[in-house]
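Take a look at this single chain, the form predicted alone, given in structure tokens.
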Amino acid sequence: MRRPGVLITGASGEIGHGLISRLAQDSSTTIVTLDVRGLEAAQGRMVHREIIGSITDTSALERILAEFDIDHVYHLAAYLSTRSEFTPVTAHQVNVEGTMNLLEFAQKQAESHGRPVIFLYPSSIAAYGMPDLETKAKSGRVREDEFNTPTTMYGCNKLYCEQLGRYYARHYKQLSAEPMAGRVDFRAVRFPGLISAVTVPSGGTSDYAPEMIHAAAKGEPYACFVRPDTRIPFMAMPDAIEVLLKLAFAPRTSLTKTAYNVGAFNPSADEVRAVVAKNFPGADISYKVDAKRQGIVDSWPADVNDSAARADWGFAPQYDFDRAFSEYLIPMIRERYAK
């Protein structure tokens, strides 16, 4: 007998770290992880089966299919934006072909146990492509169907995979009478920049905000790689975890989209610097613009319209700009380095 469970790909990353902790609070949940890197020891103790491998390896997925009855897939594995620009072919293999493998895996799982598999896909604001800074400034809060012209390989991959998921949700034989309830119940969320107090920034394009805090807490100088006026939406990691879980368990009948915007706050880089400097007197934060990365964030919207997520499944972030920094990021990162 195959054991019921949930599958998390890319589980060793920032989102995976928090998601494992939340899912493990329910002792009846069997957590299976797949990642090219091993989990930290504390996280590893929370999962039933940790598999070291790639989503491009279909044999690894076949082993999971044979042993487990997966009803939720949290597909977090991806090459991120900056890295993808330097290795676009590899990024396409991981981000697109790997996602295709997971969609096929979910379709086969659903076929085997006779009910849809809920497939959670973290997409990104990189799916947008603002043509210039003037348009970005005038556009305000951008809706899901606007400016879908990404300028990066990562953004192209994310937008295409949203469409792949939509195809799988509609194309394969339905297993219930609910609208859009195919074998793969695909649900994507376009995350803004995510800031975690628990994990160290990994060089993502939006990591200038958490990198400022970590450097200040360590007493190290930091040169921010974007202009002071750079503005994109952000979200605290605890809210991101709640987004995935809330969307995962929302009734299918309440959902009107397969991809949703979510946002929480959208400070400029200099507003982040000011908060960090206030909390860490003497923090040495300067600006040294990286043209490549600056061009990427300039192509992302300054803010997003997330009214559909709020109306359809009750999205409501708990952390605004002030609370995210004063109650979550600053205290936890300060404590991390004080130890």
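Numbers for residues come from their place in the sequence shown, where the first is 1. Predicted model, so just to flag it, every value in this text is computed and none were measured.
Omitted here: the form predicted together with ligand AKB. The next part is about that form.
Put simply, of Met153, Val262, Ala248, Leu80 only one has a heavy atom within 4.5 Å of ligand AKB in the model of the complex, and it is Leu80. Out of the listed residues Ala209, Ile125, Ala106, Ala240, Ile125 is the one that sits within 4.5 Å of ligand AKB in the model of the complex by at least one heavy atom. Only one segment in the set 131 to 139, 187 to 195, 163 to 171, 216 to 224 has any non-hydrogen atom within 4.5 angstroms of ligand AKB in the model of the complex, and it is 187 to 195.
Among heavy atoms of Thr99, none comes within 4.5 Å of ligand AKB in the model of the complex.
Contact annotation: Pro267 falls outside 4.5 Å of ligand AKB in the model of the complex, judged by heavy atom distances. Ligand AKB is not shown here, but in the model of the complex it comes within 4.5 Å of a heavy atom of Thr205. Interface residues of 231 to 258, taken as those with a heavy atom within 4.5 Å of ligand AKB in the model of the complex (partner not displayed), are absent.
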